[in-house]
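Below you'll find only one chain, the form predicted alone, shown as structure tokens.
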Amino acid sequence: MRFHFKTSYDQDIRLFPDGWNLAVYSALLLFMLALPLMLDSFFLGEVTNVLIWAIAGLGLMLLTGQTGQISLGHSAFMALGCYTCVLLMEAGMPFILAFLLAGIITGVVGGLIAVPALRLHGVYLAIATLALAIIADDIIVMLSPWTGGVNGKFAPDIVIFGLEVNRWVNPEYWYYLALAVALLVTLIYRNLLRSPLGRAFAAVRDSEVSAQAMGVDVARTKTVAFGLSCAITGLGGALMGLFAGAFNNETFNFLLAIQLLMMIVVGGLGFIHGAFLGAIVVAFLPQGLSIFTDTLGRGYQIPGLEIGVFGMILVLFLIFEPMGLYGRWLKIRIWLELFPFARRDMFRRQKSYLKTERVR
């Protein structure tokens, strides 16, 4: 067990709690940098897909996990980020500038949509955002002169400082690009949680009434959270479309938004680690099921197997481990640290709302 002797309040908001955490994450970063030397192109592509899913998951985690606002429409913002980035690149803009501008535009549009949408609460907000995701599919088809409609679009070549980033020619470049974006988004997310705005997000999540009593502008906090969440998710959508090479309206349908929400729930709602753990499940589950069906016989297919298995996993986590994979790891770690003094009811779930919240 490690003990933290704190002598100032600044130690509560440090980026790394202690030198041990800094060493662990430094070693993890070195391992990730050396990963292309250990894997072939197929598995490297799968890890790249995990990073892209994690970026999109961090966007939704900021809204749902930190602010407590459920959204089932983030697939629309993934599509907006992807099409905006591609259109800007086709207009002659460099990739880095087009990529960053796509995130900014997506965030601004998300903030504008949040103004009326966030007047709703709970399941009503989820239904409203789900309707947005369904409408986005039709909007993409109607704007076919720009989006390509059902025929879709092909991703343009990515050139960064004279280096061509191609999934099939040099997959390690794509991996390092996704890794750099994931690290940047994670640092922004982590520093945001340490700021007063991040504390306001947590206050709104736990109790809007109490947050308002403490002087937090609830409407403004929700709008900013929605805009930042959409910006990060838009970056993930841009990478997802460019990595796929071709995309259309079916690429970003509303099932993607539901899958994104289930991903952060399985990984661990409210934890940065949860986005990455959930991304591993989402990215590798189809491959695992494909290997499983191949063992049953060539050409053997089970319709709806992937959705059914993922739904079963979600139900099991909601019943037995609502804190997700990372929550389970925290419980195991604390139990080992406190053994043999750990109590059975230490992790009993408590009601996290006030009586004043029940009127919503």
Partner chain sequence: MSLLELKNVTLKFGGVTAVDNLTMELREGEVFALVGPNGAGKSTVFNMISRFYTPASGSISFDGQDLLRVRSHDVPRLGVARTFQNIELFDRATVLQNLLIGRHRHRRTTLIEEMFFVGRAWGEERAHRHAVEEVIEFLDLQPYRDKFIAGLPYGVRKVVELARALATKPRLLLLDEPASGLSVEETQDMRWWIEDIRRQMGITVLMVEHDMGLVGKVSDRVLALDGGKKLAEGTPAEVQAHPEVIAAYLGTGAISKTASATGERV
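Each form is matched to the other, and the largest set of C-alpha atoms that superpose within 1.5 Å is called the rigid core. Residue numbers count along the first chain shown, from 1. The shown structure was predicted, so the numbers you read here are calculated from the model rather than taken from an experiment.
Unshown form predicted together with the partner chain; subsequent notes refer to it.
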Given 155 to 163, 83 to 91, 193 to 201, 168 to 176, the stretch touching the partner chain in the model of the complex at heavy atoms within 4.5 Å is 193 to 201
Hey, in the model of the complex, is Val24 touching the partner chain, heavy atoms inside 4.5 Å?
no
His273 near the partner chain in the model of the complex, any heavy atom under 4.5 Å?
no
At 4.5 Å between heavy atoms, is Ala283 in contact with the partner chain in the model of the complex?
no
So in the model of the complex, does any heavy atom of Val150 sit within 4.5 Å of the partner chain?
no
Counting non-hydrogen atoms within 4.5 angstroms of the partner chain in the model of the complex, say which of Val109, Val181, Ala244, Val216 makes the cut.
Val216
Please state whether Asn21 has a C-alpha shift of 2 Å or more between the shown form and the other one, with the rigid core used for the fit.
no
